[in-house]
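Starting off, we have a lone chain in the form predicted on its own, written out as structure tokens.
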């Protein structure tokens, strides 16, 4: 089976660690696409259109500001996670993510990919500080992240230089005055997805059908 994987950089490290890419054509999009859901949607549709000679298209994107809604693959089925975002994806299931949401309110999550490729609250603050000065930057960052009180670092298998990532998350948590916690990730869902296996917390879309809101609410 010929598989095309279209992935977000936030899960790139874990996908590469699983070692399935040698048999799968793949393309990872820059994390900056998250800042513009319309641009992300259009790029995904463009790549899907270019991948119509495969047997399956795998997306490692989930809800992601509804960027997947409306996507259509004319000839090739699509498979993607039914999780709310990449947090549930890296925790292994919607059930576990929802449990964390209930038990650990006011939490901002970090992963290796988020630190490597994303835009952290602290890097965002530094950008604002350079543009507007310390006082205005503090006000802006408080409006954006003032509701958070805890940082959770999701440690996934195969992570190298883990102390570096722990240090980066601690730096951010200390800056904001957040409590810091570390949890074990679960790549079971990601493993099944990259292997093209349909299972819980996944959505399989037949060719010619558009992705709709209902696919996230079975």
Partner chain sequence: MSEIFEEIKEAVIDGDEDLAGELAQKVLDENINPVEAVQQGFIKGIEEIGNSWKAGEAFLPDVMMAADAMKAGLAVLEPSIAELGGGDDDTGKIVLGTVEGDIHDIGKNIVGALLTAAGFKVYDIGIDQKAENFLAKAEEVGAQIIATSALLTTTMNAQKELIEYLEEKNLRSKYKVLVGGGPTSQTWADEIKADGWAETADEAVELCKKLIS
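Quick caveat, the model's predicted, so the values are computed rather than measured. Note that the rigid core is defined as the largest set of C-alphas that superpose within 1.5 Å between two forms. Numbering follows the first chain given and starts at 1.
One more form of this protein, predicted in complex with its partner chain, exists but is not displayed; see below.
In the model of the complex, its partner chain sits beyond 4.5 Å of every heavy atom of residue 26. Within 4.5 Å of some heavy atom of its partner chain in the model of the complex lies at least one heavy atom of residue 148.
Using a 4.5 angstroms limit between non-hydrogen atoms, residue 134 is distant from its partner chain in the model of the complex. The shortest heavy atom separation between residue 170 and its partner chain in the model of the complex exceeds 4.5 Å. Heavy atoms within 4.5 Å of its partner chain in the model of the complex are found in exactly one of 47-55, 186-194, 64-72, 158-166, that being 64-72. Shown here without its partner, the chain carries 32, 39 and 126, none of which come within 4.5 Å of its partner chain in the model of the complex through any heavy atom.
Of all the residues from 73-106, those having a non-hydrogen atom no more than 4.5 Å from its partner chain in the model of the complex are 84, 97, 98, 101, 105, 106. Taking 2 Å as the criterion, residue 162 does not count as shifted between the shown form and the other one: its C-alpha moves by less than this amount when the rigid core is aligned. Once both forms are overlaid on the rigid core, the distance between the two CA positions of residue 36 between the shown form and the other one is 2 angstroms or more.
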